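Coming up is one lone chain in structure tokens, specifically the form predicted on its own.
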């Protein structure tokens, strides 16, 4: 890493305020795409040193990031709000590659900003229909693991695909996240139960349960545990609370569909 090149460049062409705002954008992108708190903290600290910021204080919460940068006699404090919380490992790996290229001297600050904008505007690798079909087949496969038969597999695959479609539509329309978790669980489980019984499945409950497995908040759950273990108690508790609320919304959707469609124990 050419530290002298980085420091001289930032001192000559970039104000401390500009550098802190760049670090805030990086932190927000990491949080919005599923990074744990420790990774955000360490990435911002490491990038701050590369940018020539002499001292950096970072506070990461569940929905905001506050950074104070110090360089010489200049002190700048900025805060930014984190918007939607999702999971996008392509974005996380892309940000890591951009920052490593800057540290190797391959990029300037301006090209780093351009690369971040390109990553933000990047379209998904897979078309929407493929995601819908593949998630449906995956949930159908889980129904077979739950001792479901071919009829349960078909019912679960169709129901889960429809549930993914509903979730995508509600997400694009910026509905409250807990609402679309509830609606997706309701639609998927109700359709799975109804289809499995219509097809005379020997175990329709396998289709019902497996149809909502795509709603399990695996990454937020892992991040919550990681934050708690690594001492980020407030962020960890906030994430754990979010996981509990998501699980409650999914369970409520299941209960509603069981009430509407009938449920029998096998």
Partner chain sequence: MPVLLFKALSAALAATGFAVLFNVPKRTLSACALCGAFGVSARILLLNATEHTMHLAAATLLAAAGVSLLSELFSRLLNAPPAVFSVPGVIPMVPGSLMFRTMVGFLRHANANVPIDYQALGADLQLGLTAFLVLMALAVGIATPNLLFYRRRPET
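Think of the rigid core as the biggest set of C-alphas that the two forms share within 1.5 Å after superposition. Keep in mind that this is a model prediction, so the values were computed, not measured. Residue numbers count along the first chain shown, from 1.
Missing here is the form predicted together with its partner chain; even so, the following discussion is about that form.
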* Asked: Within 4.5 Å of its partner chain in the predicted bound form, do we find a heavy atom from each of 39, 147 and 214?
  -> yes
* Asked: Just to confirm, residue 116 within 4.5 Å of its partner chain in the predicted bound form by heavy atoms?
  -> no
* Using a 4.5 Å heavy atom cut-off, state whether residue 124 contacts its partner chain in the predicted bound form. => yes
* Taking heavy atoms and a 4.5 Å cut-off, does residue 102 contact its partner chain in the predicted bound form? -> no
* Hey, in the predicted bound form, does residue 167 get a heavy atom within 4.5 angstroms of its partner chain? -> yes
* Structure fact -> The one residue among 70, 222, 202, 238 placing a heavy atom within 4.5 Å of its partner chain in the predicted bound form is 222
* Have a look at 85, 134, 107, 178 for me and say which one sits with a heavy atom within 4.5 Å of its partner chain in the predicted bound form. => 134
* Asked: What stretch, of 89-97, 73-81, 186-194, 170-178, brings heavy atoms to within 4.5 Å of its partner chain in the predicted bound form?
  -> 89-97
* **Contacts with its partner chain in the predicted bound form - residues in 229-243 whose heavy atoms fall within 4.5 Å** => 229, 230
* Asked: Any chance the CA of residue 45 moves 2 angstroms or more between this form and the one not shown, core superposed?
  -> no
* **Threshold 2 Å Cα movement between this form and the one not shown for residue 68, core superposed** => no
